[in-house]
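Here you'll find one protein chain in two forms, each presented separately as structure tokens under the names structure 1 and structure 2.
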Structure 1
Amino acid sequence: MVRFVALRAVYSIVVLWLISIFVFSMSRAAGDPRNLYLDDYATQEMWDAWGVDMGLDKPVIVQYSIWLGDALLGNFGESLLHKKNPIELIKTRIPATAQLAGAAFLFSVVVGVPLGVISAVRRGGIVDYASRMFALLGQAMPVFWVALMAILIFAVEFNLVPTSRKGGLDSFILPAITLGWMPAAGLLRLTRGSMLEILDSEFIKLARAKGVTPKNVIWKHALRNALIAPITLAAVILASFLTGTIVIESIFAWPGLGTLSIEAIKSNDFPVMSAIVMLFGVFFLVINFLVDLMYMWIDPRVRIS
């Protein structure tokens, strides 16, 4: 088991290293990397100084180690657009993204899991078809389009909620629901599937025969066992929000990391972009690592293989 954990940790570090090689080679892919780090207002002296700093006269391996050393110290250059350290910029944007992701996560769990349970228990009922429809739509509609249509209907036409920007609680409604719909659909299908399987098993029949109330059979005996798969999916959902928020934030002008990345892309702000990719890479791998650990903790069979 220790071996398994260690192996996963090594994988994560290797992947991170590959991501760093990717970002580095991207910085060299477009010719002189100084074009990506300095803007048109840079003087000749700055240009030459950067060349020395980056070791451009030295072999690529040396350039890479210089770059990696800087990156490990949190030095990704200076944002071309904001004239600030990318790490500082990212720090100021994290809270907004975390709040949005939290709200969307809450929505997808609160909607997905109970609907999945009811849908399995009342199989063939109205709620079941409504939930399946909900899941079907969530998995087929493009998120950005849902967001735009939601703005059009609920903000522009009926004026129920603000169209965009972060404000009070009501400004969370549209972004959180549109971001959470697709994961809610996934959770719903998964919960429904495993509940159907569990409800059919012997120990549930025994519990029923023993005279446990239907409510307890469903919500205690069955749901506890049916939740293994949905819990791991829930962690995957959190990881997917890292990139999912990019789309939603750009539509709702949300002052978070997603908007920062979009700005960076639109203005070719490579220093910020590289910092975001590395940081998201770390987040992503940490969450994946935790998922593996959790999976092992929940399902002992994983430990053996």
Structure 2
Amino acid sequence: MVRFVALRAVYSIVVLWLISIFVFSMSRAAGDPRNLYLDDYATQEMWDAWGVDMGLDKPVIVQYSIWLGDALLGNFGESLLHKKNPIELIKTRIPATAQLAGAAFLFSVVVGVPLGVISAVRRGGIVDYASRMFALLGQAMPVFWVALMAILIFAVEFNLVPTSRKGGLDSFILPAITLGWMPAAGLLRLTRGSMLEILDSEFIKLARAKGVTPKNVIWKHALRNALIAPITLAAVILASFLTGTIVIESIFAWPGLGTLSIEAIKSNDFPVMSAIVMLFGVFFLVINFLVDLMYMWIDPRVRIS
């Protein structure tokens, strides 16, 4: 176990290092960074002074070393748009994104996994066909279209929920459902497929022959062995939610990482984008590590060599 954790830590460090190289390379590929900070009225003396201050007069490998050292300390420069440290901006936006991501993830898991189980148990029935139709619609309809139609019907026509902005609990309903519908459809289909395979296996037949109740067969024996694939997908879903739900946040004017990313892209605010990309990398690595640990807890057959 200790060896596994150590290897994953080394692997995570290497991946983050490669991400940092990519981010730094993109900053230089876009041109001289001084073009973002200085306007046409800057003198040659100002240009040269900024070059010395930003380390642009040094070799590229030295520039990268300086940038990486600052990044490890949480210093990505100053936001061109907000004139603040990007980390401070991200701290103010993370709670909104985390709340929306949590609500959407809860919806996708609570709806997708149970419907997948019921659909597999009652294969060929009305519930099975209804669940598969729910999954088909969720994966076929674009998220932005679903969001706009939901606003038009439930917020504008019936005035049941707010159209946009983060407010009370009712403001979470539309963005959470529209964001979580497609992942719920994916979880439903994957859970159903895994359950069908497990329910037809020999150890399930043996459990039934021994007189184990249908409830225990389904929810204790079959579901636990069928959760490996859905958990993998759920981890990817959660990571994608946490790293900025750009489309949904833009449509619902949600003050999270997604809208911050859009603002940074529109204004060429590279310090903010650098911080966000590095943060996204950390999120994905941490969540993947936790999923690997959950594999061993759910299925004792999983062993780390």
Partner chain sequence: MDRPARTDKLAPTKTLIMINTNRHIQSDLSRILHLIWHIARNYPILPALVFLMVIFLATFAPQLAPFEPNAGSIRTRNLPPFWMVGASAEHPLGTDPLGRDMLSRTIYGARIAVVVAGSVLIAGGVGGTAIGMLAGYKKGWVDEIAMRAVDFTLAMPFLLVALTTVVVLGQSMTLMIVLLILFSWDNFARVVRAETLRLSDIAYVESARISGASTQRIILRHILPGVFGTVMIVASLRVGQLILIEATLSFLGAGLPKSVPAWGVMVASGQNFLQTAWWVAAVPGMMIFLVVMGFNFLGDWLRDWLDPRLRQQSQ
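Computed from a predicted model, the values in this text were never measured in an experiment. One-based numbering along structure 1's sequence throughout. Here, rigid core means the biggest group of C-alpha atoms that superpose within 1.5 Å across both forms.
Of the two forms shown, the one predicted on its own is structure 2, not structure 1.
Put the two forms on the same core and the Cα of R208 is off by 2 Å or more between the two structures. Core-superposed comparison between the two structures: the Cα of A9 travels 2 Å or more. Relative to the superposed rigid core, A98 undergoes a CA displacement smaller than 2 Å between the two structures.
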